[in-house]
Ligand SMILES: Cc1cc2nc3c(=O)[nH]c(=O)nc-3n(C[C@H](O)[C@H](O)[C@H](O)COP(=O)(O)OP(=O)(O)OC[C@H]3O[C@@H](n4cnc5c(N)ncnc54)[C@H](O)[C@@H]3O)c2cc1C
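Only one chain comes next, encoded as structure tokens, the form predicted alone.
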Amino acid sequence: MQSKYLIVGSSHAALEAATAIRLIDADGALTLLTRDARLPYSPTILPYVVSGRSQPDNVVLRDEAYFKDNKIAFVPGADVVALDPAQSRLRLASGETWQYERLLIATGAAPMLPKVAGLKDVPFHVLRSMDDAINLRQAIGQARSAIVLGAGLIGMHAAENMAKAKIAVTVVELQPHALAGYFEPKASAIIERTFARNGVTMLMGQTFQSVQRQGAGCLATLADGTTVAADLLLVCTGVKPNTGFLDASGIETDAGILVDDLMRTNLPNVWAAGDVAQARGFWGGKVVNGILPNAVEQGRIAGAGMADDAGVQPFPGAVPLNTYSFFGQQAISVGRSGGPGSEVAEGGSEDSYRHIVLKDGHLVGIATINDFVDAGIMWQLILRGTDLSPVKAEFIANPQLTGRRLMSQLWR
């Protein structure tokens, strides 16, 4: 089989790339290969499938009609196992091969499992695919107690869903506070108190020493010797880019696939985008920044480059952005929490928090809990390097109103 444009993956980066290609080249053979057996969906929707708020068949990003109308061959169940760049060829687990002229790798990330004695011998769940979400939802319906290993966004979403299902939940986290990658300890404390008020046991600064099967569930021994038994174990200890099929391909990788500002790899006619790509960080270096806006932007850039779009713009650099709702409350984190030479302004109350980081009059980061700001506007203020010096005091006092006014002027 062969295709002028071959995209491996089917989530946000892959779909944006396909759209960008079709804007320039309406007829060139375009194929999406995905190991998933389903129509495209967003990993961000999975917690809502677990909770029952969303149904698997109602959350597709593109339907069959879209692919037909746009002359895109969508090939599900295609598990890529090897890349041969010398022959411009991919090999699937089925033995089938695909030739390409231009290739985009948008394979996303997979759960990263911790090295815990006994883990491979006990039943446990992860949450990265639609099948994972469906299986976890079914397990929740049969469980009375659960352990969530990891207090990142996925783990905390799952813990909330379980608590609402009247399951006794224990969250175990190696870091000293929940969501440590997004919030300062004061902010995390608000989140932790909210979970505790809703019946969730929060064990921060702890991890598994070992785990063993106990009946249909498990018994975990923590680093301090404490034991916790549960019917259900969910492991949410991070993800890693899906790059295993690139072994011996010659493609350069580090934490992910290394790309330049146009999403090009070191190999000719091969691009990478989304959670699998390691691109320029806004403040220097190269980072893997697994957020939806990043995947969309990188996919758009890669697709435009693949189609020889003369107007393609380079990637501006990765800036973290996350919004998180929990038990009816709202948390937002954009950018960095500090850094050399930065100025920090904090405020809040028992159940609200605001943390603003400025450097040389420019916004570096902002995090809030129950103190709403428009995350997209804050993200743009950082990316555009907007000088806030003339309105510094006003911005610190009311970042939402000031930010909206500034962006209304900049976007005119």
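Note that residue numbering begins at 1 and tracks the sequence as displayed. None of the values given here were measured: they were computed from a predicted structure.
Below, we refer to the form predicted in complex with this ligand, which is not included among the displayed structures.
Item to complete: May I ask you to choose, among 128, 286, 264, 164, the residue with a heavy atom within 4.5 Å of this ligand in the predicted complex?
Response: Exactly one residue meets the criterion: 128.
Discussion item. Within 4.5 Å, heavy atoms only, which of 178, 257, 295, 146 is in contact with this ligand in the predicted complex?
Written reply: Comparing distances to this ligand in the predicted complex, the residue within 4.5 Å is 295.
Practice prompt. Specify the contacting stretch among 136 to 144, 105 to 113, 216 to 224, 194 to 202, defined as having any heavy atom within 4.5 Å of this ligand in the predicted complex.
Written response: Selected stretch: 105 to 113.
Worksheet item: Does residue 80 reach this ligand in the predicted complex if we count a contact as any heavy atom within 4.5 Å?
Response: Yes, residue 80 sits close enough to this ligand in the predicted complex that at least one of its heavy atoms falls within 4.5 Å.
Discussion item. Contact with this ligand in the predicted complex for residue 237, defined as at least one heavy atom pair within 4.5 Å: yes or no?
Written reply: It does not: once this ligand is placed as it appears in the predicted complex, residue 237 has no heavy atom within 4.5 Å of it.
Discussion item. In the predicted complex, is there a heavy atom of this ligand that lies within 4.5 Å of any heavy atom of residue 17, even though the partner is absent here?
Written reply: Residue 17: no, not in contact with this ligand in the predicted complex.
Worksheet item: Taking the shortest heavy atom distance, is residue 362 within 4.5 Å of this ligand in the predicted complex?
Response: Result no; residue 362 lies far from this ligand in the predicted complex.
Worksheet item: For the spot marked by 13, 35 and 47, is every residue within 4.5 Å of this ligand in the predicted complex through some heavy atom?
Response: Answer is yes for this spot.
Discussion item. At 4.5 Å, heavy atom to heavy atom, what parts of 307 to 322 sit next to this ligand in the predicted complex? List them in sequence order, or say none.
Written reply: If the 4.5 Å heavy-atom criterion is applied to this ligand in the predicted complex, 307 to 322 yields only 322.
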